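Shown next as structure tokens: one chain only, the form predicted on its own.
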């Protein structure tokens, strides 16, 4: 049965004095982003349903009684919206001052997570200093002993992004909110440890947290080092999905991995292996020199030329005695994608056979 697709309905509205076009179903916030008009937010993640918790994204709509949250308000034809009025800016500064008063005064290392700098960047941009509002602080430092995810709820602002990404993107529903007011915090069911819950340790909650309340413990091991880290775009080799990742390195060491939010295959998602399983790269047990078995039956270290010559002789001998189809290759899921490509090229072009596989194919 063929169903007709609904026509795309477009209309215009006025945004900060500019007439802009929008598509039916878009929110004011989405229209503003597309028009390169910056509207601050702390609870918004483009992969998630709009939530409207932080209220930083409020805008004024002519004819409306009160400002509205732009992330949950649909665009309407002829609507006239102002995003930067004096009243709106005062509201945002007050909200940020309240948030800042709840959080410890410390710099959050960007190695904690992809979005971990969002709050600090907004405080700096709006020149907000903690101290105007004093009083009780909420949150606790959770002593969860899992090896992957830091849970420091002294920095939690109850934006629900971690809870929502776990439910909406992963479908795990492993974490939720408990208690109210100053006692509110993120928790697994019955306040158990993450490794006892339905958590799959994909790290999605870490990468969406805008304050660093959740952090990548493995990447944070490099916090004490003074060198700046750099990001290198690559493709996760563990399976055939092709998730794009940003490798975090300091000098010649891999210190962490972040998902590529614009990766066409994963759109910011990774599994536990893609997110955390990179220790093998610099593991002390990893071979650094080639080994060749000698006449005594034992493996001995040799130079690369000797090892490659021995391997070539072995391939030639097998092909001469048994033919090309006696040779097959299995690539490693821990090798870079470029190495897997070279491996299949070696087998297909070098020996004229398609007997090539990968141990982590999906």
Partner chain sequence: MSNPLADMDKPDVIFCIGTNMTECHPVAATRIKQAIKRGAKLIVADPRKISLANMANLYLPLRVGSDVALLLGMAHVIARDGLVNRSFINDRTDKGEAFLEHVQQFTPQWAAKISGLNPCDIEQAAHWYAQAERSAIYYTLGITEHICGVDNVQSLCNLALMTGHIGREGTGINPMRGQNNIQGAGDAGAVPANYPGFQPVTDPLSQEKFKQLYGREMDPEKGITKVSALNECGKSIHAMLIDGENTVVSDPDRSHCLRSLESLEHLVVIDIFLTETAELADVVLPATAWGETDGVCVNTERRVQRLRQAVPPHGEAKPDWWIISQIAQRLAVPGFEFESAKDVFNELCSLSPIYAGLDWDRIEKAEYQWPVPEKDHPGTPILHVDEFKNGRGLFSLIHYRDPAEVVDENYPVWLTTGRRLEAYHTRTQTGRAAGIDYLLPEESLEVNPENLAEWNLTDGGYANLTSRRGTVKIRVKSSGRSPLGTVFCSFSFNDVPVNILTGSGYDPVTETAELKVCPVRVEPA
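All figures in this text were calculated on a predicted structure; none of them were measured in a lab. Note that the rigid core is defined as the largest set of C-alphas that superpose within 1.5 Å between two forms. Numbering follows the first chain given and starts at 1.
One more form of this protein exists, namely the form predicted together with the partner chain; it is left out here, but the text below deals with it.
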*asked:* How about residue 34 - does it come within 4.5 Å of the partner chain in the predicted bound form, if we only consider non-hydrogen atoms?
replied: no
*Can you check whether residue 148 is within 4.5 Å of the partner chain in the predicted bound form, heavy atom basis?*
yes
_My question is simply whether residue 206 lines the interface with the partner chain in the predicted bound form - judged by any non-hydrogen atom within 4.5 Å._
no
*Is there a non-hydrogen atom of residue 266 within 4.5 angstroms of a non-hydrogen atom of the partner chain in the predicted bound form?*
yes
*261, 79, 257, 122: which sits within 4.5 Å of the partner chain in the predicted bound form by any heavy atom?*
257
*Exactly one of 329, 67, 50, 40 has a non-hydrogen atom within 4.5 Å of the partner chain in the predicted bound form; which residue is it?*
329
*Looking at 89 to 97, 110 to 118, 155 to 163, 192 to 200, which lies within 4.5 angstroms of the partner chain in the predicted bound form, counting heavy atoms?*
192 to 200
*in the predicted bound form, does each residue in the set 270, 288 and 359 place a non-hydrogen atom within 4.5 angstroms of the partner chain?*
yes
*the partner chain in the predicted bound form - contacting residues of 311 to 345, heavy atom within 4.5 Å*: 311, 312, 314, 315, 316, 318, 319, 321, 322, 324, 325, 326, 327, 328, 329, 330, 331, 332, 333, 334, 335, 336, 337, 338, 339, 340, 341, 342, 343, 344, 345
*Answer yes if the CA of residue 39 moves 2 Å or more between the shown form and the other one after aligning the rigid core, and no otherwise.*
no
_Taking 2 Å as the cut-off, check whether the CA of residue 66 shifts that much or more between the shown form and the other one after a rigid core fit._
no
